[in-house]
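Given as structure tokens, the chain that follows is alone and in the form predicted on its own.
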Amino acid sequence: MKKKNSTKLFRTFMFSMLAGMSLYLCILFIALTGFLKIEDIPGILRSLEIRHAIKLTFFTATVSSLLALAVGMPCAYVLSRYRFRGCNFIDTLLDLPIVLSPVAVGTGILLLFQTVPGRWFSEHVMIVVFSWTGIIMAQFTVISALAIRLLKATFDEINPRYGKVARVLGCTPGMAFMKVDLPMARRGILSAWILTWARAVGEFGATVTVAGAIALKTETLPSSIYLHLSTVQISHAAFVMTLMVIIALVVLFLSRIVLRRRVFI
């Protein structure tokens, strides 16, 4: 009887914490609707500034997340499959963008382009600071660590024996990677892209430090919230926040559908 009561108390406590946290987040997001005026929505949607922010955010998030996957995949594969001197240090180093403040990351990028090589790059290749390329670079730097961590977890779950068997059968390491590892990791890769894309959409600190928040030029959805709050346009800010919540919910829902079945064959 005592054990039964203890089990019931334990479950009640755990479920109470879950219910409390869920309720808090629901209240937090529902509070947005109190400041969103329905009659203002058509005008907000017609706003050139809002439409530009949506297009720029989706474009830069897509480019930066694809770049993060392209760079993160070989990095994650090496960290998952090989052991070498300095492996733990490099693994730790690649996690820095996750734990550092995005503003600190953005400041690092900004200072990089004040060096001699950085100024040469800006003058002869492309302008990064206060431009849309700066948004992509800031987003890429922040989400690259997340992409590598998710992809490494994906490759860790794939038995290396499959690749070894493919090589015994005549495949080169590259062919084994393309024909064995990538197909088996496809769901994990798709999920990593969805989550990194969502993180890029919500990136603000590094982006505003590198590219600023210039209306109709470098204004993304997060910086649009900042600009509208600074001019006390609460309804506009609430609309953008609501839009970002909807995007986040859809993305998280899609990632769960992708991972509903086993990620690995």
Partner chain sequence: MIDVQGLSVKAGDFRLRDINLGIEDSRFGVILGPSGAGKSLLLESIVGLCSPDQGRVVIGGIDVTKSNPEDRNVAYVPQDMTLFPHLSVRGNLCFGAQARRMSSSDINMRMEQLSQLLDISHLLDRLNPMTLSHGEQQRVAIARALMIFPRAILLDEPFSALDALLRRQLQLQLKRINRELKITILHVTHDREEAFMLGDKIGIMIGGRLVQVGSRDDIYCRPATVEAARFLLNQNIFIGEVLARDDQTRTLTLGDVSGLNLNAVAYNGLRPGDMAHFGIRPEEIMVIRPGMELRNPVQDNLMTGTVETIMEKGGSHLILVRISEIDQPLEIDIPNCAFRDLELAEGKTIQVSLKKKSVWTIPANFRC
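Positions refer to the first chain, counted from 1. In this text, all values refer to a predicted model and were calculated from it rather than measured experimentally.
The protein also exists as the form predicted in complex with its partner chain; that form is not presented, and the subsequent description refers to it.
In the model of the complex, its partner chain lies farther than 4.5 Å from every heavy atom of Thr92. The closest non-hydrogen atom of Phe121 lies beyond 4.5 Å of its partner chain in the model of the complex.
Leu169 belongs to the set of residues with a heavy atom inside 4.5 Å of its partner chain in the model of the complex. In the model of the complex, at least one heavy atom of Asn159 sits within 4.5 Å of a heavy atom of its partner chain. Taking a 4.5 Å heavy atom cutoff to its partner chain in the model of the complex, the contact residue among Met175, Ala153, Val78, Leu100 is Met175. The contact residue chosen from Leu146, Met137, Ile189, Val180 relative to its partner chain in the model of the complex is Val180, the criterion being a non-hydrogen atom within 4.5 angstroms. Scanning 67-96 for heavy atoms within 4.5 Å of its partner chain in the model of the complex gives no residues at all.
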